[in-house]
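Listed next as structure tokens is one chain, alone, in the form predicted alone.
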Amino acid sequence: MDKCTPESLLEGRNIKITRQRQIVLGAIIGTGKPFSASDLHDSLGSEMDLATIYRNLEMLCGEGIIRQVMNEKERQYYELACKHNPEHPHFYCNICGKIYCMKQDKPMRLKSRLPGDFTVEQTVLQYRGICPDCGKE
């Protein structure tokens, strides 16, 4: 699977390319799965403090570079929002707490028009239950 680079994600936007943003985006690209600010902080170690990570996540989310996918146990989870990762549903295992991307061969049409004057800008579809690993136990 092709991957975006931090520079390509920031390119063409009115965002200054800083070392911190490159580090955060590099870590996000490297995860390949939903993550929380704490997960990102753990992967970066002492390279960046949690407050800086939160500021960057807020800015990247506001710019549409990442998207919020789930809020679980007072943790917000995000994922990369690029051409290589179109919107898709997620599955949360009630036992192990893992979040799974439920990607499909054919992209889902999650955005649609509602009756009246509503315009949908984002749809979040979540499944909850027991994952195959926990179901075997």
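Sequential numbering from 1, following the sequence displayed. Just so you know, these numbers come straight off a predicted model, no measurement behind them.
The form predicted together with the DNA is left out here; the points below concern that form.
Contact annotation: V124 falls outside 4.5 Å of the DNA in the predicted bound form, judged by heavy atom distances.
Within 4.5 Å of any heavy atom of the DNA in the predicted bound form lies no heavy atom of M102. The DNA is not shown here, and in the predicted bound form it never comes within 4.5 Å of any heavy atom of T119. Put simply, C93 is far from the DNA in the predicted bound form: not one heavy atom of it is within 4.5 Å. Look at 80-88, 52-60, 25-33, 93-101: in the predicted bound form, residues with non-hydrogen atoms within 4.5 angstroms of the DNA sit in 52-60. Contact annotation for 21-43: residues with any non-hydrogen atom within 4.5 angstroms of the DNA in the predicted bound form are R21, A37, listed in sequence order.
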